[in-house]
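The structure tokens that follow cover one protein chain in two forms, given apart as structure 1 and structure 2.
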Structure 1
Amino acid sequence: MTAVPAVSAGRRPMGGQQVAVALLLPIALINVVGFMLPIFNLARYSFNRATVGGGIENVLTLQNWTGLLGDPFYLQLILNSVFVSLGVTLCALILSYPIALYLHRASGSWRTFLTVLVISPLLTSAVVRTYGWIAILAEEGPVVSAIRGMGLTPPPLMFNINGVFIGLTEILMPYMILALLAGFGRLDPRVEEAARTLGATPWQSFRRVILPLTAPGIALGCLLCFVLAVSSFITPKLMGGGRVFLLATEIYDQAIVTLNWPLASTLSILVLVIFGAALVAYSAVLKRLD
């Protein structure tokens, strides 16, 4: 009834402050050792020099950055990553939108069931799902057989960018659907009904009413999918057959195979920069939508 702050001001058992610090200490320690220290270290490494045989020379140098941005292979790699991620995001959006809209309009246990179906891939390991795609797109798989059955020559689907594209799109769809659903909250079915009673065709009411209202959800879903696509590693690695070079796979190869940690660190920081850029673009879009 009367407004009272949720936390009782002032009163605290003696030494409440020390208790609070003690209770937060473990999580803070893990955060420092497993998150903050590694990230600061990563940033520092990107300005160190790698020596032959996996060593690191502790000097301050821009060598990694200039080398990276001056190398046509890496420039191509960055562009590839960005374009593949944008393409996958767009495909995921187009394929997810009808599902999200359908889910939004469904009700009761049917809706719950479909929501569980959408979430269930998220709870399945990316390795498992990628493996599933390998099975589907394999030379002896159902897709290739079906295309052959129609008397056509199937395009190469596995161990190239096509397979990565198909698999990654599917793997990111659940995120897109959930983001869209979250953004659909303010889409009242009656608004659409109102548009229809005012004489709009289904297409017009979609174009003029539903699409603008769901734009914030679309923006959120695209941000999420783009960011996940840029940093995705398992699917490109397993489905690319060593022929698809993207930022994430290159980070892993440099770190584990070549043991060039400064270069891997530089690439990682670059991924974070791309994240930042995506975030800036997202806020700009949101501002324009308002």
Structure 2
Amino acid sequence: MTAVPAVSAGRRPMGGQQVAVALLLPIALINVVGFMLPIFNLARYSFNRATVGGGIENVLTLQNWTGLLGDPFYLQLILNSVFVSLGVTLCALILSYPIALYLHRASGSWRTFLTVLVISPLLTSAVVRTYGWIAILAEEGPVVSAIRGMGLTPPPLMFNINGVFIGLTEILMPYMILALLAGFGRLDPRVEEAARTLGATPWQSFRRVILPLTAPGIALGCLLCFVLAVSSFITPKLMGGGRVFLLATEIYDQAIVTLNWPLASTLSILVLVIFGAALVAYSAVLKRLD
């Protein structure tokens, strides 16, 4: 028989709380260095003043915040960003929900094949997918040509809010589908069978059984798509053609084009505030659902 080594008198085994602290310490340090410190610097820059030539005057001032909240252009910019993100999220939900529900009910190799099709767009860069939409929606592209072939006048689809809306919806649909699938775990097929056995119509079964059980997945998908839409830069910049002004594109213009880092930092903090409001709304929805 092998002897069990005795614990030395000078060393005590680590308790559960100490083990938890030791395991969480590395990721906590990474978050502090990679996230908290940059956010702190952004907040500090938002109270500084920009100088000519892209410099930053290290003085405390509310000039950026008062100018931002008192300028109708930036107020309209905030409203446009929120409403576009909400609209894109709603369209992504409407288009993704039937796909996610069908995937949840599928089985075997067919489900695996469909899941790969859903995930495959995420393996392509957003820049490549955006340029693909530019080619599809261009003036001589297949969509406009098909509309003209039916004898109709095509609406403007490029370098305006329509193109941004279409591009963002398609790009965010895989995220919405995956989030919905993650929230469909409580959807038991036997519950649907019981509803049909009790005489429920397909619409009643969907409204009173399927929709309430999948509501957590809907909330998660809406949160994810809304946050990604608000922070999206590539698609609005390319498909908007410089004519669609959103928070992400304005942050880029202020930081890179005009070299106004304090104002860009103020807008970035404002985006974080919008993210926080979305998280609060998500938490409230989950509590109500529970």
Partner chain sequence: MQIHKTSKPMGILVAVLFLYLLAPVILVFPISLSGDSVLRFPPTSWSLRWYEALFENRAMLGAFWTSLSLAAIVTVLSLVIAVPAAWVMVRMEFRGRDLLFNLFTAPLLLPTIVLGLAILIVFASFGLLATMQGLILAHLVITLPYALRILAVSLATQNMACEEAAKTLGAKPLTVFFRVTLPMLTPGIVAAAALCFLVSFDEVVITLFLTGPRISTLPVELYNYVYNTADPLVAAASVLLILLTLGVILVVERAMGLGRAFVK
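As the structure is a prediction and not an experimental result, all values here were calculated from the model. So that the term is clear: the rigid core is the largest set of C-alpha atoms that superpose within 1.5 Å between two forms. Throughout, residue numbering runs from 1 along the sequence of structure 1.
Only structure 1 matches the form predicted together with its partner chain. Annotation: Cα of M36 displaced by at least 2 Å between structures 1 and 2, core superposition. Comparing the forms between structures 1 and 2, the C-alpha position of I256 differs by less than 2 angstroms, with the core used for superposition. Positional change of L24 between structures 1 and 2 reaches 2 Å or more at the C-alpha, relative to the superposed core.
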